[in-house]
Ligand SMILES: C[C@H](O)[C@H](O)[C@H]1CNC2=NC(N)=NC(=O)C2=N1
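First comes one chain, alone, set out as structure tokens in the form predicted on its own.
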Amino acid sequence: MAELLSDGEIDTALAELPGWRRAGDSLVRTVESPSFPDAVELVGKVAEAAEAANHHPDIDIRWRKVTYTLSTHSAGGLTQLDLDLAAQIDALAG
């Protein structure tokens, strides 16, 4: 099982993850795409990355806006898995 991150580790990581915010035991970011098809295409890319990492975000699609919520449920909070996937989502979102 992945180790939970300390508050300090999370705060340090968030400084390197613009657009992400902490919401309790989760990291959250909303990405706005130019069009609905672009938003859905990004979700597909994130799904592939998540599947490869065996770490799956909660995804909420609202027209061109997609909100990604990351948490390691099996650990009961935030782990390095969440930070890694957040960085991958950032890279995919451009």
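Numbering starts at 1 and follows the sequence shown. Everything quoted here is computed from the prediction, not taken from an experiment.
As for the form predicted in complex with the ligand, it is not shown, yet the points below apply to it.
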Practice task
Check the shown form for clashes with the ligand: superpose the C-alphas around the site so the partner sits as in the predicted bound form, and report blocked if 3 or more ligand atoms are within 2.4 Å of backbone or C-beta atoms, open if none are.
Solution key: open
Practice task
With heavy atoms only and a cut-off of 4.5 Å, decide whether His56 touches the ligand in the predicted bound form.
Solution key: yes
Practice task
Answer with yes or no whether Arg21 is in contact with the ligand in the predicted bound form, where contact means some heavy atom within 4.5 Å.
Solution key: no
Problem - Contact of Thr12 with the ligand in the predicted bound form (heavy atom, 4.5 Å) - result: no
Exercise for the section: Select from 61 to 79 the residues with a non-hydrogen atom within 4.5 Å of the ligand in the predicted bound form and write them out in sequence order. Expected result: Ser71, Thr72, His73, Ser74
